[in-house]
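Only one chain comes next, encoded as C-alpha cells, the form predicted on its own.
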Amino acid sequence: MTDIQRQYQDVRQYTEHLCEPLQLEDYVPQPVIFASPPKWHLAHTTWFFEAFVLEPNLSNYKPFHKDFSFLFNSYYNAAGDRIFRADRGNITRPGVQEVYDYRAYVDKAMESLLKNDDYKALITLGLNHEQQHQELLITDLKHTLSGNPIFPVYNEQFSIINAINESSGKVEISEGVYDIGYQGEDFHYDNEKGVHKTYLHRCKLDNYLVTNADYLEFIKDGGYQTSNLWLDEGWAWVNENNIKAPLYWHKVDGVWQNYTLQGLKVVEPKQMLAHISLYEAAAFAEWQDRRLPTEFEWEVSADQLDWGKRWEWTNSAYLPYPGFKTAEGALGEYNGKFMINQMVLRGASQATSPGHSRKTYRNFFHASSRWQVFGIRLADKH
C-alpha cells in the first residue's frame, strides 16, 4: 500500500470513527445555520472526491445519485446549484445508510486513481478538506447536542477542551524584518503562499493560554457589563445576544458548569479557556491591559511557542498575501472569496485531526464565532 493509499484509508475511516458513538437521530438535526449535521458532513466530503477527482478524471464514472451534487455541494458556485445552507437539516432523505453506501461507492471508484501519481496532489487536497470537516463535524455536533435539555454524553472518554498549560513565561521577538508564509514542498493551502517580508516591532507573547480561572475573574469583575473594555461592534453583540459567559457555560445553583462532549461538567479552573469569540478575547485583553498578537507575530514565534490545543485569535484581518491568485474553476472558491470580514486564527485545537496543523496555517472566522475551539494567547502592548 502506498503512502497516499494509506492516508486516504486512514482519513476516510477516521470520519466514520467520529460517528460511531452517534444514535441514528443524531445524524440529522441542524438547529443553527452555521452547524451542519453529521450526515451532511459524511456526504459532502464524499461529494468532493466525486465532483473534483472522479468525474473529471475517471472515464465512464457514473455518479452515485443524480441529486447528490445538489444536496451536498457546500458553496462551490461553479460546481452547480445547491440547497440553502440552512436547509441541510431538512435532508431526511437519503437516509444515513444510503450516505454510508455512497461513501463506499466512491471509495471503491477511487482505488484506480489512488495508484496514479498524477492525481496525488488533487487527492491530498481532498483529504485535507475532509480533515477540516472532521473538526467541523465534532464541533457542529457539540453545538447541536448542547441544545438538548438533558445535556447528552457523546463519549465519556472524549474531550476537546480538557487541555491545560504545560509551559509558562514569555517568548520575545526582536525588532526586525521577517519572512512570512509557507516555505516547503509539502501540502499547504493557497492562502499560505506568497512568502513576503514583514517588519515587526520588538514584542513579547505569553507561552501559555488564558485559563478558565483567568476568565472567571474577568466575569466576576463585571467584564461583560463594562462597555469601555469592548470594541463597539462587540459591545452591540453582547447586548443584542445577552452574552454573559463563554459558549456552553451555565450557572447552576451558583456554580459555573460547562457543557462538554462528556456531558455537563463543573468548569475546571486550570483548563485552557475555549469557545470564545474575538469580541470576548479583545475585551479580556483590554481588561488585562494587554493585546492579541498579530498573525505575523504568532508565526514568527511559533517555533518557540507551546501551541496546538486551541485555535488562537489574532488581531489580523484575513487578507491575501502579496501575489495571491485565485485558482481557476470551482476549487478557486476554496479560500480566496472569504477574504472579507474574517479574522485569522493560528495554531490548532484538540478537535483538529492528526497531521492537520502547521505554523503557517491560516484559519479564519467572523469575530462573533465561538462554536469552534477558540482560545486566547496574550501579548504585551508595545
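One rule holds for the numbers: they count along the sequence shown, beginning at 1. Only a predicted model underlies this, so the values are computations on that prediction, with no experimental measurement involved.
From this point on, the text means the form predicted in complex with another copy of the chain, which you will not see here.
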Have a look at I243, L136, I173, L71 for me and say which one sits with a heavy atom within 4.5 Å of another copy of the chain in the model of the complex.
L71
Contact residue in the model of the complex, chosen from S301, N191, T144, N258 - any heavy atom within 4.5 Å of another copy of the chain:
T144
Is there any non-hydrogen atom of G95 lying within 4.5 Å of another copy of the chain in the model of the complex?
yes
Can you tell me whether N315 touches another copy of the chain? I mean in the model of the complex, with a 4.5 angstroms heavy atom cut-off.
yes
Taking another copy of the chain as it sits in the model of the complex, is N90 near enough to touch it, meaning that at least one heavy atom pair lies within 4.5 angstroms?
yes
According to a 4.5 angstroms non-hydrogen atom cut-off, is F284 in contact with another copy of the chain in the model of the complex?
no
147 to 155, 107 to 115, 264 to 272, 303 to 311: which one contacts another copy of the chain in the model of the complex at 4.5 Å, heavy atom to heavy atom?
147 to 155
Of the residues spanning 189 to 207, the ones with some heavy atom within 4.5 Å of another copy of the chain in the model of the complex are H196, K197, T198, Y199, H201
